[in-house]
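As structure tokens, one chain now follows by itself in the form predicted on its own.
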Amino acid sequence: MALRSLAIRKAIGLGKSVGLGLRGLQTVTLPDLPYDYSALEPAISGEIMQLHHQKHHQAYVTNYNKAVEQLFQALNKVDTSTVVQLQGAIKFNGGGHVNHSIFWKNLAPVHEGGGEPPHSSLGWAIDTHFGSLEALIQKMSAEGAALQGSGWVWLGLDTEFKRLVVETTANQDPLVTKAPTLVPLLGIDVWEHAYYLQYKNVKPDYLKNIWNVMNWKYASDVYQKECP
């Protein structure tokens, strides 16, 4: 999967390089969190954060690397059927790694600025495209709550038209799968593993409280790099 955005490239932890003739692909590693597991409480419990990071994200990393190594072997053998068969696993697990690597940076403890609204050019852009920050939050929360099954709700930047968009993606599809010009600024994981231990089946409460630890500084930094 081509990663067109600098923001996405920097979000991914790249590990060892595996050679394939004159070509090479890289495996990935689980990134460290920039805060303690309990630092986002009470919005997100430490138990959820630890399981989400150590178990779920680690599984995407492990399974992606396994699929990539199998792909190398299949390409070396010119085993076309296996190459095609592996595409689903690479997309799903690679997308899970991409999305979660961004998600951890989208969050910050309250004492480190989590929940503080954007005051930079991103704040002006939000007012222009959505009317207010409150309107954007309501829109993203509503679309996340309405998403059937597992997936993500995103605030993205369309770099072609220089406008902000709200999109949802299914399963672990990254935002770029909607359009190659979309750069993720904020992504909210609405898989049950992101909230169920704490919020049970009341997903709207999770979507309400996560804004208290949203890292708008990260989103603003990405926006300013793409729209200097």
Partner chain sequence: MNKDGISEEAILSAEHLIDESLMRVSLKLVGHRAKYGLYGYLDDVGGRQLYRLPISKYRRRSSSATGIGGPKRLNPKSTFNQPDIGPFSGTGGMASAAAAASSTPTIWLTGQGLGARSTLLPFHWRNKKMEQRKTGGQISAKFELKPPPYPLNALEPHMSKDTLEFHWGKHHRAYVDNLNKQIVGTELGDGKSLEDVVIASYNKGDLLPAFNNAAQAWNHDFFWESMKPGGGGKPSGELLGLIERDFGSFEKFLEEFKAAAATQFGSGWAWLVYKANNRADVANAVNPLPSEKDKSLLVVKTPNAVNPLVWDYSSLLTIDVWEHAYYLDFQNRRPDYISVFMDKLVSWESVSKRLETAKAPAT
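Residue numbers count along the first chain shown, from 1. These numbers come from a predicted model, not from an experiment.
Although not depicted, the form predicted together with its partner chain is the subject of the following passage.
Only one of Thr62, Ser38, Thr27, Asn171 lies close to its partner chain in the predicted complex, with a heavy atom inside 4.5 Å, and it is Asn171. The partner is absent here; in the predicted complex, the one residue of Leu33, Val166, Val68, Leu51 having a heavy atom within 4.5 Å of its partner chain is Leu51.
If you check its partner chain in the predicted complex, you find a heavy atom from every one of His56, His193 and Asn201 within 4.5 Å. Using a 4.5 Å cutoff between non-hydrogen atoms, Val83 does not count as a contact of its partner chain in the predicted complex. In the predicted complex, its partner chain lies within 4.5 Å of some heavy atom of Ser150. Residue contact check for Phe92: one or more of its heavy atoms lie within 4.5 Å of its partner chain in the predicted complex. Using a 4.5 angstroms limit between non-hydrogen atoms, Ala43 is distant from its partner chain in the predicted complex.
Looking at 84 to 92, 68 to 76, 103 to 111, 126 to 134, the stretch with residues near its partner chain in the predicted complex, meaning non-hydrogen atoms within 4.5 angstroms, turns out to be 84 to 92.
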